[in-house]
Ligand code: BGC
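Below you'll find only one chain, the form predicted on its own, shown as structure tokens.
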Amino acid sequence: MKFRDLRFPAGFLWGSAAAAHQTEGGNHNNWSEWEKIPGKIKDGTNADIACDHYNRYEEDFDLAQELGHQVHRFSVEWSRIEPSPGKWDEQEIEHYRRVIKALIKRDIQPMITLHHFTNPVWFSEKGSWLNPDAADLFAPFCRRIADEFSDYGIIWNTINEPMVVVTIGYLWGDFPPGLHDFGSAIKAAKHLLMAHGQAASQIRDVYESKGLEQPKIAPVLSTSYIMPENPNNSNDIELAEYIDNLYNHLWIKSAISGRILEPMGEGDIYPTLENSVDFIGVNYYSRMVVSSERDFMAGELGPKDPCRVRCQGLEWEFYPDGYYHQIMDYWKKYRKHIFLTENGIGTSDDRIRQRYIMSHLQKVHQAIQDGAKVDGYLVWSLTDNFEWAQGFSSHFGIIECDFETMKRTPRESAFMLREIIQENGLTKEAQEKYLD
């Protein structure tokens, strides 16, 4: 294969992403309760300590700075800030203020996610995302966080991967609350959409009341390239198109249009959705193959290609072509700037991670060349972490974490990414080295 230098636009931002429950340790929320149920976490572990990032964030950010990162995405844990309804933990607010200041001190742009899968126990006891008042219960937390941190130049993410919460938690049952019900899944999707609107509205109100310039706000989508198992079967093609719309587009189309679209609603305007999407956060890992002969609603997907490398534990296929397709699809449909908020692979072989990052960035460059407005790329993840239902069995970090000693060791992929950041692109020599 012949390579050439691939340069990214001036001002393109590079960095990494993480989530509170997966890294911090010491959280008490619906996931910490879920982890106590035998069989829910595949390796039998829990996130009681995780990476101890809560105490070691300065060490982790020193490494991020060394590696040239320009932006870091992290979540603020709702259950820490509001441990009971309307009761605020000032010490935890100050903790996150120190986290933000630690990033700024190192010239790393903070990107805050307000909801990354976890809920306070009290919120779950009130019915979680099936409660028709869920968005209103979420709103005060959003307002408080916006009020506390509005002076720090934050890029805001509202809800992380709403359709993952919906699909895996309410349809397939592998995440809390462990349901298998399409009606409940659609109801949860609606309420998460309303929560996004409330979050954006609260942020807007706070900045306006303080006379501050409005920040950039976005939801973060999990996207998969949906493919028919048999491309010559009209039923498979029809199902792939249906799932693509349901999983990849229904929610964001509603957020941008300001209307709760069918089947979540009847197209009625939800006022707080107006002006709620400045850009689209896109998380991509792999494709999803569907068949009319299999029950997608029960989690039955097509067989994996035995010739393709797969993600450790999660079995996601290494499929960079889907990245290009999804970026272009979002750009053409919505004409909103895109920020690539997660991309990576769980593996114990860092050579695979190197090839994964490099080959996916080739597709990002191709999409930019073809007109997509892409503002940045974040690798998932900065360090190895607690990978939800997989526990510690899948290693996504460009920095290895020894979970016994908590020692951090950058992998070769971390230095490869540093070279990419320094060049703001993929040099011919780097592609030859890592894709040979």
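These figures come from a predicted structure and were not determined experimentally. Note that residue numbering begins at 1 and tracks the sequence as displayed.
Below: the form predicted together with this ligand, not depicted.
Engineer: Considering this ligand in the model of the complex, find the one stretch among 150-158, 178-186, 76-84, 110-118 with heavy atoms no farther than 4.5 Å from it.
Structural biologist: Contact criterion met by 110-118 only.
Engineer: Do Leu314 and this ligand come within 4.5 Å of each other in the model of the complex, heavy atoms counted?
Structural biologist: It does: once this ligand is placed as it appears in the model of the complex, Leu314 has a heavy atom within 4.5 Å of it.
Engineer: Examine Trp31 and determine whether its closest non-hydrogen atom to this ligand in the model of the complex is within 4.5 angstroms.
Structural biologist: Outside the cut-off, so no.
Engineer: Given that this ligand is not shown alongside this chain, does Tyr356 nevertheless sit within 4.5 Å of it in the model of the complex, heavy atom to heavy atom?
Structural biologist: Taking the distances in the model of the complex, the answer for Tyr356 is no, it never comes within 4.5 Å of this ligand.
Engineer: Taking this ligand as it sits in the model of the complex, is Tyr57 near enough to touch it, meaning that at least one heavy atom pair lies within 4.5 angstroms?
Structural biologist: Heavy-atom contact with this ligand at 4.5 Å: absent for Tyr57.
Engineer: Select from the listed residues Ser254, Asn283, Thr347, Gln198 the one whose heavy atoms reach within 4.5 Å of this ligand in the model of the complex.
Structural biologist: Only one listed residue qualifies here, and that residue is Asn283.
Engineer: Of 323-339, which residues get within 4.5 Å of this ligand in the model of the complex if you count heavy atoms?
Structural biologist: If the 4.5 Å heavy-atom criterion is applied to this ligand in the model of the complex, 323-339 yields nothing.
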